[in-house]
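First comes one chain, alone, set out as structure tokens in the form predicted on its own.
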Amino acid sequence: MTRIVAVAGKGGTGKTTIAGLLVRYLQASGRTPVLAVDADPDANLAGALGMTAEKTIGGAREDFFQSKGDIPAGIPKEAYLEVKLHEAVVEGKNVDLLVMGRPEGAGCYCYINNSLRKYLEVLAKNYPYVIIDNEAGLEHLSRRTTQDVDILLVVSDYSANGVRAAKRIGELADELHLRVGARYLIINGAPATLAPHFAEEVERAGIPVAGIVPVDELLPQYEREEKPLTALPDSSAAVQSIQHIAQKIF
């Protein structure tokens, strides 16, 4: 049974870091293979996982849209599109990566997006866990790229604005009638003891807190040195906090 985890939040809260650390946890605990989906146009998840994505779903979609009249004879367009989409899957050690890339260009992409949705649903069934690093605003979820989400993790930084944005994301999920099994708030870069006014803001958000990821000096160091998060040592404070969070939400 596949469990789909979507990581959302406003820009700069550390969504990609949380998604990468979750993949690391799943790898370390043997819950593999994992499908990592980078649904953020900034596409930073590949670097966080130490992988390289030369092709994206957006590129495959655009290529198909532009070359519909040049499909080889005898190949149904559905099969041709599926080949193009499969070429965008980057295979790694116990983790595969799919980068969504840029959104649609001009023109009607309804058929392509419907085919993409079906392809992703079939692809996801091959993995016990799918981790989606979502763009701000749940854009890909709002397009129903993913029909169901078992766990929605909303990431906030240590600011009232971050928590308010997290609350709005939760409200948006309700407005879109997304099928979300459970939702949690993760506070990133915060001290173990929250300031009273911040704790009150969290309580008003009405989202259960899965945990706090503390400031970890290894994270900016690894980013500067372009080291993947999967290479972080077990002693990392962020790694240890994600382990506790993952054991709670899974």
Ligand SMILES: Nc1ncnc2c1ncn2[C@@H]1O[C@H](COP(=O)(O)OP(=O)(O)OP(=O)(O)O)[C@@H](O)[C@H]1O
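All of these numbers come straight from a predicted model, not from anything done at the bench. Residue indices: 1-based, along the sequence shown.
A second form of this protein, the form predicted together with this ligand, is not displayed here; the remarks below concern that form.
Enquirer: Looking in the predicted bound form, any heavy atom of P208 within 4.5 Å of this ligand?
Expert: Taking the distances in the predicted bound form, the answer for P208 is no, it never comes within 4.5 Å of this ligand.
Enquirer: Determine whether any heavy atom of V215 comes within 4.5 Å of a heavy atom of this ligand in the predicted bound form, and answer yes or no.
Expert: Heavy-atom contact with this ligand at 4.5 Å: present for V215.
Enquirer: Check D63 for me: does it contact this ligand in the predicted bound form (non-hydrogen atoms, 4.5 angstroms)?
Expert: Outside the cut-off, so no.
Enquirer: Can any non-hydrogen atom of L26 be found within 4.5 angstroms of this ligand in the predicted bound form?
Expert: Flag for L26 set to no.
Enquirer: Any idea which of 177 to 185, 195 to 203, 37 to 45, 53 to 61 reaches within 4.5 Å of this ligand in the predicted bound form, heavy atoms considered?
Expert: In the other structure, the partner sits against 37 to 45.
Enquirer: May I ask you to list the residues of 1 to 20 that have any heavy atom within 4.5 angstroms of this ligand in the predicted bound form, in sequence order?
Expert: Going through 1 to 20 in order - heavy atoms within 4.5 Å of this ligand in the predicted bound form - the hits are K10, G11, G12, T13, G14, K15, T16, T17.
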